[in-house]
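Let's start with one chain on its own, the form predicted on its own, as structure tokens.
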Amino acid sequence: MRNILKIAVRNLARFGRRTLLTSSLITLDIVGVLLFIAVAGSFKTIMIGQFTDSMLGHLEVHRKGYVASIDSLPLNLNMQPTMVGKVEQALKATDAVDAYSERIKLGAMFSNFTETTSIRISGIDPAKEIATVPLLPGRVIGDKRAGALLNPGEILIPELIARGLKVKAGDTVVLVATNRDGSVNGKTFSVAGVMQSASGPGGKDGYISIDDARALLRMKEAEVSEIAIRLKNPAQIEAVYAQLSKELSAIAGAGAGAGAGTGSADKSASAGKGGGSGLEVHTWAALSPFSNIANMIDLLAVFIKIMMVSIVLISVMNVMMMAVYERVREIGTISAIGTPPRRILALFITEGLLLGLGGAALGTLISLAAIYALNIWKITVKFGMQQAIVLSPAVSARDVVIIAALVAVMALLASLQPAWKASRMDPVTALGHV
């Protein structure tokens, strides 16, 4: 085997220019794939963080059917206190949960006493909400006051409404909402600040304290529309999702409330299957249309890898076919002196494999150096409602190993046909080849 390796290296060196060009092509291929994975992966991570850490949380719990009817923010599908208490017990017993926040969602009319428009309101506990979505304070624009983000009697309004109705921090406004029974109630608020929208330039989401929301809706009990959850490690989303879905199903089955509605979206689990409505657990991806962007990034990565495989396969096969064609008499000579076909086969396979491994090794080194340089030079991009964000490209050892293994396998497969042809040549015919 050692002799075969030596001969293979010498043969590659004999055709130095061709070997260099092929190895360079594979190297550039590897560099392109690894850099794309590093940069796109960093962008995807930051993009997901913008939504989970500024608005959604990693997971959310709702009454069954709430998400299917979320456009109308149905108050009849709020979670009752008994159900909320049992959900909180399950969350406190789950080590992976870092924080959670109860919310009341409602639609209201917003007025500056001159003009009126619609607004979507989230009633929150400010301390719990910031622990669950820590980027929320960063959405406040303009001068930021000291102290609590939101006090009772105050409202954070979206930038769109602030511009349209010419409302600023310190102004007094009024919210008018219809409660579950159909009665209308109004309440005045002081504007605590203006917020950038997390859902785009047309966003009309504001925040008040959860107690103010209950007072506005004249709630007699501490109802909750949803519970947002933040995990200690976002990579555990799927595992925690499955665990909570199972646990909350058992809670609902014990008789924790009832409701109405239809099935939920993808990535949701329904509780209380035996009858009546229970709970649903949703990942952020099931609640945000921006998850499609993340899926597109993953799909692009797959296509890039397919292109890499194709380039390696074609380039190595082309080189090995040329090598066999140019060395027909040489193959005939070594066959005539007694070299068995399996050794000729191994020789040409080794040459193709060395081409692939050499290009992969060099490409990996260049890629790692380039990624290190990109982290030093700091790539900044503008995304969503936040200011320019700094990408931190990184590639995992798993990705490096997978890419290198793909290159090695493709180089091996590309060498098989030319190597098989070389090993099956008739010595007499090969020696007479011109």
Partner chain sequence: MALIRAEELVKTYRTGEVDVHAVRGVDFAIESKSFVVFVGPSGSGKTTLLNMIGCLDRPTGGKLAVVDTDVGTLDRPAAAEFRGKHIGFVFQDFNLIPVLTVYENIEYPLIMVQDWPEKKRREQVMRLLKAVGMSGQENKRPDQISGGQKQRVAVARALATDAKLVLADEPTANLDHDTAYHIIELMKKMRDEFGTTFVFSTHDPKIMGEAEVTFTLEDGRIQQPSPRPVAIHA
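Note that the structure is a prediction, hence the values are computed from the model and not measured. Positions refer to the first chain, counted from 1.
Just so it is clear, the following notes concern the form predicted in complex with the partner chain, a form of the same protein that is not shown.
Asker: Please identify, from 185-193, 132-140, 101-109, 323-331, the stretch that has a heavy atom within 4.5 Å of the partner chain in the model of the complex.
Answerer: Selected stretch: 323-331.
Asker: Pick from 350, 335, 245, 209: which has a non-hydrogen atom within 4.5 Å of the partner chain in the model of the complex?
Answerer: Filtering the options by heavy-atom distance leaves 335.
Asker: Looking at 343, 120, 180, 166 here, can you tell me which has any non-hydrogen atom within 4.5 angstroms of the partner chain in the model of the complex?
Answerer: By the 4.5 Å heavy-atom cutoff, the listed residue in contact is 343.
Asker: At 4.5 Å by heavy atoms, is each residue in 18, 318 and 408 next to the partner chain in the model of the complex?
Answerer: Not a single listed residue reaches the partner chain in the model of the complex, so no.
Asker: With a 4.5 Å heavy atom cut-off, would you call residue 425 a contact of the partner chain in the model of the complex?
Answerer: Residue 425: contacts the partner chain in the model of the complex.
Asker: Can you tell me if residue 339 lies within 4.5 angstroms of the partner chain in the model of the complex, counting non-hydrogen atoms only?
Answerer: Within the cut-off, so yes.
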